[in-house]
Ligand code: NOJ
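Below you will find one chain, with nothing else, as structure tokens; this is the form predicted on its own, and questions on how it binds or moves follow later.
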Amino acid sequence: MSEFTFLKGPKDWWRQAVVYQIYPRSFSDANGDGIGDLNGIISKVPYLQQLGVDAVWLSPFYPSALADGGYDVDDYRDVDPKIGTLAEFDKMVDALHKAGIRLFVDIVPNHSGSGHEWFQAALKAAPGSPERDRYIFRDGKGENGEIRPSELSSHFGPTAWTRITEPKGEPGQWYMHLFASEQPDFNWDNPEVREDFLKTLRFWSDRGVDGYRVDVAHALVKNLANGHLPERQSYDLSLVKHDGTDDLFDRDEVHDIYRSWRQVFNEYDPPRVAVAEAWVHPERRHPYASEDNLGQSFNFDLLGEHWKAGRFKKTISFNLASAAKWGSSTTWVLSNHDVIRHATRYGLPDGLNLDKWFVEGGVNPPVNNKQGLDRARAATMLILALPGSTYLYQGEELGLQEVLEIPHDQMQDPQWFRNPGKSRSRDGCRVPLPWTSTGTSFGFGPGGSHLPQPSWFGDYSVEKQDRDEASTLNLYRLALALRSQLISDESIQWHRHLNSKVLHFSRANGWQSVTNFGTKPVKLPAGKVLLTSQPLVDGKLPANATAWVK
């Protein structure tokens, strides 16, 4: 382990950290093949350091057929050759750690890719074999097994069952996949699966990885006892049971798995940490984040929240209280690789069905870009002032809008192809970043980009915003630098403002945050104005803006 670079420091460094999500294929391309890579990330470490983030979260970089943007993993302990090598990964960790930046990596435990050696072995093995028991294989119904084992839909299409051809050529068993058919679900009742993931956690932790983002953390354990098979036609959260006995999601037994992970995390100094992507009922979220479990769980509540002071206050209060109850810190997130960028969402009317709007062309109603960016800047300053971790998504520091003009024949997202006319493409938030104002790929790389970049990207580029003191990029840099000096204990005090459309709170050291959700300028409390998301108007805070005062 001595050959790898480690960062020491407090065991709870993550509680109020700012974590920057990198979607590696779209961040920076060093070798010119149109796909972002590890050397590209290494070249941008100074940028990340200047931005002021505490950690980077690296989305999947493993060998993958890219059936689902890298979340179909074919080898959990290697790097996709298109992205780099293990040696380059180690070099990246070293560069980040020398800059004082820690590293989270994505881990995808619910399913593998169909190219994984275990799944390939299962296809060659016989029904009932140990190889097939690592996954969820079942006989079909009907006279010849031609009817799928249960009425279970997938996230990406009409069925979560795919029938295989047996080694001798005859139609055979079916396997379960809650996502694409190229993403077969593991059988987490199998001890070999559990042990192999412990091996994977140690493999990356030994290389200096500081934490993990756990994909679909709530789905690992399923009700398969006594031949039972889950059935479901919708994945709406309202259909998931609240008591830990749901057939598919958030079963109480999943926490046995994460308690075993915690034992591995605690073998390191400081202990490794993980954040769960768990789409569960809010009151069921925080057990994932308890100290004997993963450490944190994503709070996605603000992703769909309306731009109203009362709604934000209710969501914030609930999550801070829940985090205190479980002894963890909460997380704040406004954008990621799966959702429409918040600078675009905030430019649309509250309550709009985003999937329907996108599928119908994304033009009616049109996006109010100024309103969207004003609110995005204000919301970012608000969440940065709150106790807990803030997770930023690459490009939001540039104020990027969602790219809505990608031709259908250039889209890559299976969510779009497998649900035609129903689901939007997530490609619009995954378009490679603009680093320069001009060039064939706006500085992303010398060989173009794997998704088309719009002509307006140059106006949002790092190069252009570097020179503009009022740019969104420089606002983020100032806010993160101030935050690192101002954060205190994890408590806030709400203050009543004369205007009900204003959200005003303070931290223990006198740092105050004021957000104007209304349409008219409002007075600020007495004190020194440290930073505002928009210039003051006659000394007042304008609409859709946040100020920090001390």
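A residue's number is simply how far along the shown sequence it sits, counting from 1. These figures come from a predicted structure and were not determined experimentally.
Just so it is clear, the following notes concern the form predicted in complex with the ligand, a form of the same protein that is not shown.
With the partner omitted from this view, the residue of Glu277, Asp74, Glu396, Asp80 that lies near the ligand in the predicted bound form is Glu277 [heavy atom within 4.5 Å]. Checked against the ligand in the predicted bound form, the candidates Gln183, Ser335, Asn299, Thr380 yield a single residue with a heavy atom inside 4.5 Å, and that residue is Gln183.
Contact check for Phe179: a heavy atom falls within 4.5 Å of the ligand in the predicted bound form.
The closest non-hydrogen atom of Arg426 lies within 4.5 Å of the ligand in the predicted bound form. Shown alone here, Asp247 lies farther than 4.5 Å from the ligand in the predicted bound form, counting heavy atoms only. In the predicted bound form, at least one heavy atom of Asp215 sits within 4.5 Å of the ligand. The candidate stretches are 380-388, 433-441, 345-353, 207-215, and the one lying within 4.5 Å of the ligand in the predicted bound form by heavy atoms is 207-215. Within 4.5 angstroms of the ligand in the predicted bound form, the stretch 150-175 places a non-hydrogen atom from Phe156 alone.
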